[in-house]
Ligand code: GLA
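Shown below, as structure tokens, is a lone chain in the form predicted on its own; questions about how it binds or moves come after it.
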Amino acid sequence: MSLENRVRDHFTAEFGESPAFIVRAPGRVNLIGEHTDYNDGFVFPMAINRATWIALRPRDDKRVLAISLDMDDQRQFSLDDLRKPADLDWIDYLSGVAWSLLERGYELRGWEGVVAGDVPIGAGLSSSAALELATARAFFEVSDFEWDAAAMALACQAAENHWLGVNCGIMDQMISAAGVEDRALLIDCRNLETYTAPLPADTSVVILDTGTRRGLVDSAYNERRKQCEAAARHFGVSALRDVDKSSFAERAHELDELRRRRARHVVSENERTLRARDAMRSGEPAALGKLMIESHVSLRDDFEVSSPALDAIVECANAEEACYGARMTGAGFGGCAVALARADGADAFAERVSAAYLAATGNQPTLYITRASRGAETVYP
């Protein structure tokens, strides 16, 4: 049964009538441009065909009641009495979005609904952004305001930053809000301008879930963010986005070893991301794959956010003839990698990589071929 039908049927059984609306918002996989978003740089994600779905109807009061099928749990809160969480739970993502929208002056109406998703949690595919944008879309349907993808992305990012305490950049929310079917989306994280590009013809994007999860990595993420900010101050710029390779080369020796490596990753990754755009536009899968491989090496050695499991599955993927290139994706330390493979060999590629990785690590991976989907939307009515 599809997730759309699942949330619809559960809603009908729970509330005795069909939902007034069904909304969805996708997870994402980032093809290239990692840890560049909070440096005002460039990222190149695509929304994937895994999403969070909400079947809902409006309420006449200021309460939100949500039933999570994934958590087997029901929670509610009042829009008039939002309380910042002490210990994070799934409902806090919904209340955080509500808080952020209210802070921005949106007038919100309550709703009740059923929530379910198939974006793996903790895998680096932005299950949290999918839940946030689906929640924003639910509020849009029952309230009276215009939908603006960038504004909704910024509101959901603020919820993560200030309500949930996760100091994330804008990429995850922006791609979940503004994804384009059959296209990857180059996002300029400074001004949120977007540019679409098709994947090279006859290629498939394969997500390689290592079966490992990131665990408590917020401190490591925030530490790297501070290191990047310190390097930017050294160069006298607001963000490492403003340092090109030649400027970095001239003054890199002035930085200590750690900040030099962190900055080198960001500077080179921004350049790789723009070159990836050119490779996509000119239909050069080998060039795009090479850039993905270089990105992984940089993330592993200079930014130090890979893991043995990620390195192993990337190595298994890159050893296959059908693979143009593979790299870790997401914050790192576990979760998923992404590969660009020949479309006609993608199924066999996934089977061989799965077997090779299992033999090498003992971990059972999950590999699936994905496609670029639309961003947050209303699918019913």
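Note that the structure is predicted; figures quoted are calculated from it, not measured. Note that residue numbering follows the sequence shown and begins at 1.
In what follows, reference is made to the form predicted together with alpha-D-galactopyranose, a form of this protein that is not presented.
Contact annotation: alpha-D-galactopyranose lies within 4.5 Å of heavy atoms from the stretch 164-172 in the predicted complex, the single such stretch among 204-212, 74-82, 102-110, 164-172.
Using a 4.5 Å cutoff between non-hydrogen atoms, residue 336 does not count as a contact of alpha-D-galactopyranose in the predicted complex.
alpha-D-galactopyranose in the predicted complex comes within 4.5 Å of a heavy atom belonging to residue 221. Among heavy atoms of residue 330, some come within 4.5 Å of alpha-D-galactopyranose in the predicted complex. When contacts are judged by a 4.5 Å heavy atom cut-off, residue 349 does not count as touching alpha-D-galactopyranose in the predicted complex. Residues of 37-51 that come within 4.5 Å of alpha-D-galactopyranose in the predicted complex, judged by any heavy atom, are 37, 38 in sequence order.
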